[in-house]
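Single chain ahead, by itself, as structure tokens, in the form predicted alone.
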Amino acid sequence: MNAVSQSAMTIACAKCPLRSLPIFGERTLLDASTVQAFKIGELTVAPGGTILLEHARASHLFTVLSGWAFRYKTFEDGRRQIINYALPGDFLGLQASMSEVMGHGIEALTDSVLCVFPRDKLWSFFAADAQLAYDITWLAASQERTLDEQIVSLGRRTALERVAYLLWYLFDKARELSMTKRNRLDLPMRQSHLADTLGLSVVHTNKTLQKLRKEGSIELDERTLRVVDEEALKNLARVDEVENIPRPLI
């Protein structure tokens, strides 16, 4: 099943608003034109819509231009593990370029717009521009570092530490993208999403969120997160920060 149809695409490409954010490294005009030539359109996906289907052959790669999405794996009995969350600037579908079949699915959490690239042109794209090939490798390495923390959370962090780390991570990532305001972030996920990310039951997740609220480092009202004491939240989450450097935008 192919999640992209030509009718869903806007072939005319507008200037990407993400390029003005300091989190992303600057592009030369030549680099930008190479990426533009690789791009075949834009895809709009509604909340709950499939971006890439689990166990299917994927013919496209994507960059998130706006919105939230998540990567997940499911079992036959319906259990789901959310692997991580995608925000604007994240590159999706690279794993399918290694195996041709998606080992995970990707679903939109909110109304999302994605930049679409043909998967079968990836290797010629690598060959044509060494810098851009390096940029994609950089993005893959960065995603691996994120997955390292997810493994640590599932294997060694307590339930309270897991929840604290996930909320801080999402807040910090969104803040870099100017998606927060006065230390507030609107979270599009439900508690079931958090539970499936953290390997906890919904009941356990709810109780842990209540405990975290009592710690005083956050306020969580419905789906609005407010970080009251970031240092306390980071200490509780056992955050091991690394230096943030500008990342490439494909």
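Start at 1 and count along the sequence shown; that's the residue number. These numbers come from a predicted model, not from an experiment.
Quick note: we don't show the form predicted in complex with the DNA, though the next part is all about it.
Asker: Does residue 203 reach the DNA in the predicted bound form if we count a contact as any heavy atom within 4.5 Å?
Answerer: Judged by the heavy-atom cut-off of 4.5 Å, residue 203 is in contact with the DNA in the predicted bound form.
Asker: Would residue 159 sit within 4.5 Å of the DNA in the predicted bound form, counting heavy atoms only?
Answerer: Looking in the predicted bound form, residue contacts with the DNA include residue 159, since a heavy atom lies within 4.5 Å.
Asker: Since only the chain is shown here, I'm wondering whether residue 50 would be in contact with the DNA in the predicted bound form (any heavy atom pair within 4.5 Å).
Answerer: So residue 50 does not count as contacting the DNA.
Asker: Any chance residue 192 has a heavy atom within 4.5 Å of the DNA in the predicted bound form?
Answerer: Residue 192: contacts the DNA in the predicted bound form.
Asker: Out of 177-185, 58-66, 203-211, 39-47, where are the residues with a heavy atom within 4.5 Å of the DNA in the predicted bound form?
Answerer: Single hit among the candidates: 203-211.
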